[in-house]
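Just the one chain here, the form predicted on its own, laid out as structure tokens.
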Amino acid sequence: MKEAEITVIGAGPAGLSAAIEAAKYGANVEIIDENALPGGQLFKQIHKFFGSKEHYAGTRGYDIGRKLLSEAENLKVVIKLNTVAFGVFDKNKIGLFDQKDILISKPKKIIIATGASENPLAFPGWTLPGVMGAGAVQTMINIHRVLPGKKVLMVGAGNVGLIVSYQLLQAGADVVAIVEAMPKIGGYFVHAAKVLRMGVPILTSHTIIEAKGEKEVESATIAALDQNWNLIKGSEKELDVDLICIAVGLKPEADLCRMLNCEFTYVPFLGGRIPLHNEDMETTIPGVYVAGDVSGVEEASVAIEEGRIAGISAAESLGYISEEESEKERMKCKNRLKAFRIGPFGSPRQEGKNKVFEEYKRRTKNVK
């Protein structure tokens, strides 16, 4: 088999989009993913997307995943599933394990699109069966059609907490309450309105303080917080629940970038420590690109656009597309990205990205 010129690690929306763009211009592309199915988070997302036609507005996440997968397959992108990228050595040697053998891939360019992982939340009783991350709950109800609990306490009122709460209601669960430590709801109001209309209380300035149960979750104790984040004595309340769902944010899954010695910066609004990259998605290691949540946690539509930019940039660096044409195509993506980075939710993300781009320029000024 012909050696891949570009290896994309991660078959989610960013990875598939990157592979499609690079393959369009003639590059030989492979995608590596540790999961049994491609598509990443898209196949869990049963809700319809926002935005424009280019952002698949009105289309459900799993249908977008099928469309991207079909497009990649039609372009002869090689998709290697159940394959773990366990290390990157000497810049372009990727160690792979396909459940049987250890393999080495030696692409000319690497696009890392490994997504993000959920933040944990520790409290007494947090190791009891019945305390789960929102991603795991979403996988069980939307992929495996299994309802992991009947009475649910959701911890976190960001978009993930609100969307998964609504999907739990659709699946037949009783969401007893959503608690949010911040003094306001963190997610889009359109998502909050859906659960509020169905009678679910959203308790801001509240947190979980204990999960109780002998062998599994039988109840949860919550309490109110004052403006200094201290517990307000006497506000404790015990809820009869058998599932506690944790949705307290995501952080970039950037271990492969660390192995490559990519430089990092810290941007809280984008999930914490993220690999520095320029507007063309190239990291401080030439020939290594990032896209999607690994480059800063945002939405799937943003991941798709960043993946396109990374794919175009990698194809250009291999000579498959001229600098002039690639800049023209990247600009289309960047203009669409602007639509997602405005307003009260989007502006802090754009500011975070601007910081990343400026820091990249400063640190690479005397290197390249």
Partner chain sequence: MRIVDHPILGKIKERKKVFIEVDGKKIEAYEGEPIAAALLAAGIRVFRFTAKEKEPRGVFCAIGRCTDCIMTVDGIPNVRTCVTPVRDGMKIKTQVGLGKWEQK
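What you see is a predicted model; the values in this text were computed from it and never measured. Residue numbers count along the first chain shown, from 1.
Below, we turn to the form predicted together with the partner chain, even though it does not appear here.
- Proximity to the partner chain in the predicted bound form, defined as a heavy atom within 4.5 Å, holds among 200, 243, 211, 267 only for 243.
- Put simply, of 179, 77, 141, 88 only one has a heavy atom within 4.5 Å of the partner chain in the predicted bound form, and it is 141.
- The closest non-hydrogen atom of residue 131 lies within 4.5 Å of the partner chain in the predicted bound form.
- Interface residue remark: residue 183 is not counted as part of the site for the partner chain in the predicted bound form, having no heavy atom within 4.5 Å.
- Residue 227 falls outside the set of residues with a heavy atom inside 4.5 Å of the partner chain in the predicted bound form.
- Using a 4.5 angstroms threshold between heavy atoms, residue 150 counts as touching the partner chain in the predicted bound form.
- The putative spot formed by 95, 285 and 320 is not touched by the partner chain in the predicted bound form; no residue has a non-hydrogen atom within 4.5 angstroms of it.
- Listed stretches are 131 to 139, 157 to 165, 257 to 265, 291 to 299; the contact stretch with the partner chain in the predicted bound form is 131 to 139, by a heavy atom cutoff of 4.5 Å.
- Contacts between 337 to 358 and the partner chain, taken as any heavy atom within 4.5 Å in the predicted bound form, involve no residue at all.
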